[in-house]
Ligand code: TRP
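Only one chain is included here, represented as structure tokens and corresponding to the form predicted on its own.
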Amino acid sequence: MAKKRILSGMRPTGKLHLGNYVGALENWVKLQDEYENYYLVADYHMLTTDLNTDSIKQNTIDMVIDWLATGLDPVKSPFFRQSQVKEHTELFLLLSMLITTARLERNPTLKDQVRDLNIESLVYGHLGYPVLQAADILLYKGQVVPVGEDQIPHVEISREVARRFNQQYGQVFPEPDVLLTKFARLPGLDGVSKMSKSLNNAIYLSDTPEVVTSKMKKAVTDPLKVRKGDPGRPDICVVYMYHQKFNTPEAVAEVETGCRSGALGCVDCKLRAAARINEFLSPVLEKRRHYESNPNEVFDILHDGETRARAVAQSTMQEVHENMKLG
């Protein structure tokens, strides 16, 4: 039986952090053996909220290096830039004729973004970005979309425009199904928000052991545990959450017991967490060093992926043209 096809993508914002790994990359690595995957560098999507493209090339390379370093295999799954497969924009244009502005304005995720980013004047491209997402998925005839619950409305828009196209012009696109995934959110070092580049509370996949240890020493802990000997509340401590993710079950149990009893001080607890994170990052850093020293390999991987993606995209658009009697 042929594997079902998935398209996954990220906006190229540069080097990734542990939150990106826990929230997406870790799941991508697991799925690459179960599905036929395509990995999109969503550089057009960047423009919906940031028109400055000066750093987009370097940010793309930094992000792709992190993909490679954490275990994504470009032989199994093409990596490619959205802007280098022009069929994305053509299908976006055609699909945009099949959905009303009123439908897009009802998108709850868009409303959340407008609120969170304090957007006063919504640009046309941002309103329509779910249609570009639909084009990204449908161009490769994606059958499943791994998303968290907050992204289900986007998949529904993709299903709607696929259905509308098929009804109007004949069957071309599958209606993609949701692969509901519980994406973990790793809290930042401040213990307040999720790990985020903009909040400067992140540990990066590219951080050296010295940097990780230095950052961990500044991590916020239980405010009631002032000194060693004070009983702590590990369930509210961000350092304990890092132990839960990166340490062994036995070590996590030991940390919890020591924290609650007061036998384990916060400084020692932080150093233990840093050591486990550094152990996890060690092979990642080794792979990163290889690709940072050989950037042409990264470009070769992208060019190969773009050639493979373009072949699929062109085949899909040929079907679209035939069904629409264009050309």
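So that there is no doubt, residue numbering starts at 1 and follows the sequence shown. Quick caveat, the model's predicted, so the values are computed rather than measured.
What comes next is about the form predicted together with this ligand, which is not displayed.
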Heavy atom within 4.5 Å of this ligand in the model of the complex, from candidates I56, I277, A69, A42, belongs to A42
Checked V145, M195, I157, L91 for heavy atoms within 4.5 Å of this ligand in the model of the complex; positive is V145
With a 4.5 Å heavy atom cut-off to this ligand in the model of the complex, the contacting stretch among 72 to 80, 147 to 155, 168 to 176, 195 to 203 is 147 to 155
Might V320 be said to contact this ligand in the model of the complex, defining contact as any heavy atom within 4.5 Å?
no
| Is I137 one of the residues lying within 4.5 Å of this ligand in the model of the complex, judged by heavy atom distances? | yes
task: Check whether M10 has any heavy atom within 4.5 Å of a heavy atom of this ligand in the model of the complex, and answer yes or no.
output: yes
Q | Proximity of Q133 to this ligand in the model of the complex, heavy atoms at 4.5 Å | A | yes
Applying a 4.5 angstroms cut-off on non-hydrogen atoms, the residues of 106 to 131 near this ligand in the model of the complex are Y129
